[in-house]
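Take a look at this single chain in structure tokens; it is the form predicted alone.
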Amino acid sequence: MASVALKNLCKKFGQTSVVKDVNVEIGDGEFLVFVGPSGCGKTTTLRMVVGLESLSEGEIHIGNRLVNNLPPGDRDVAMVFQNYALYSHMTVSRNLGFALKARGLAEKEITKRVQRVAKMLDLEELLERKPKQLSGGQRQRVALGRAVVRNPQVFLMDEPLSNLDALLRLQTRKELIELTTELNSTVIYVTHDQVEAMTMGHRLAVMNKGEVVQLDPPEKVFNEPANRFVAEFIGSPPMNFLDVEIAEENFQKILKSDAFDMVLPETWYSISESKAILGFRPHDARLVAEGGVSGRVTVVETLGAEKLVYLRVGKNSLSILVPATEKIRSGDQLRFDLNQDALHLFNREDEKRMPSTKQS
């Protein structure tokens, strides 16, 4: 396997910049996930690494080689596509071995590698079938196997699980994590699914409008989002936001909104701004009998062990998670407290995170 370095990577289509100054270093054996909404530039970045898209500016290094001008076949990478890209007229065995045959490997070596990968991916009984005789999950395993059999320096995966149903996606995700761990693979993975990203990546490169806005391990991206976009995109259900004023009263900092006032924890006392955006995740609220924040229930969604309750609080629509045993109906008036250690504040102007002394 090999490390990958993306230096000042840019891509323009005419006057439109779709990838802007991306700088990311992927370590040997690392599983890095580019995650973001549709149109953010993540797939274009991946296509530049594999050589299917030219660069407008920047450099791509794979191992010790600058590969900007190398064709895809000479970069020693393998790509797994969203649509499987299998040869419909070939058996599974021939699909798996096609790239090896094109490279001129001996039939004995091809058979050996195909058998090894088929065993690894539980495809041994399917080797003589054609793609149309396979389920979606089986086809995806063949597509993965076709990449694995080449033993490339880097695996590039473009939303490989998005065509699978929810249960199969969960199972295949687990198998993919186990496979890449066993192979100690360097993987660059693209997805718009933040749950997929959080569970699979060693680090996440969160993209928005062509830029990497945060590059950190999943835990830090979740607990210390760099800005409001990351906070809203990563996490399900998404974070709540509301505009607040920050006032000083009796040597304390007070958060004031149109619906409630709240004493700000001392870890935030170093901030000087008078306006901010308060963020909190639905699971960081708990129901209380009195005090706290009051809101009127508008919608209740049962999620199994929990209920997601939408509330009208002043002019804001907020959501909180409560145990499924709670008897709550639309129109009820509820009160809840917030876990003050889990609050997030963002600058009203640029929406960047305000660091607290606890997290800085």
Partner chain sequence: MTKQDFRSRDAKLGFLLVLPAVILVILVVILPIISGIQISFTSQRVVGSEYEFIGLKNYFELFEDKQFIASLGKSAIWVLANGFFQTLAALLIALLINQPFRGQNFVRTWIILPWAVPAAVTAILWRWMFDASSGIVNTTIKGLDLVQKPVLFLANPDIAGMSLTFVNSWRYIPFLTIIFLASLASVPEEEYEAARVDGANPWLQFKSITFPNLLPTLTVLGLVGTLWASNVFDIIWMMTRGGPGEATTTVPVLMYDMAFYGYNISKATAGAIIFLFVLIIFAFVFIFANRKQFVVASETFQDLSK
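Residue numbers count along the first chain shown, from 1. Remember, it's a predicted structure, so these values are computed and weren't measured experimentally.
Although not depicted, the form predicted in complex with the partner chain is the subject of the following passage.
Verify the flagged residues 72, 79 and 102 against the partner chain in the predicted bound form: is each one within 4.5 Å by a non-hydrogen atom? Contact check passed for all of 72, 79 and 102.
Quick one: from 89, 174, 119, 275, grab the residue that has a heavy atom within 4.5 Å of the partner chain in the predicted bound form. Contact residue from the list: 89.
Listed range touching the partner chain, judged in the predicted bound form by heavy atoms within 4.5 Å, from 325 to 333, 48 to 56, 24 to 32, 305 to 313: Result for this chain: 48 to 56.
Quick one: does residue 252 come within 4.5 Å of the partner chain in the predicted bound form, counting heavy atoms only? No, residue 252 is distant from the partner.
Residue-level question: is residue 146 within 4.5 Å of the partner chain in the predicted bound form, judged on heavy atoms? Residue-level check for residue 146: yes, a contact with the partner chain.
Heavy atom of residue 85 within 4.5 Å of the partner chain in the predicted bound form: Residue 85 belongs to the contact set for the partner chain.
Since only the chain is shown here, I'm wondering whether residue 241 would be in contact with the partner chain in the predicted bound form (any heavy atom pair within 4.5 Å). No, residue 241 is distant from the partner.
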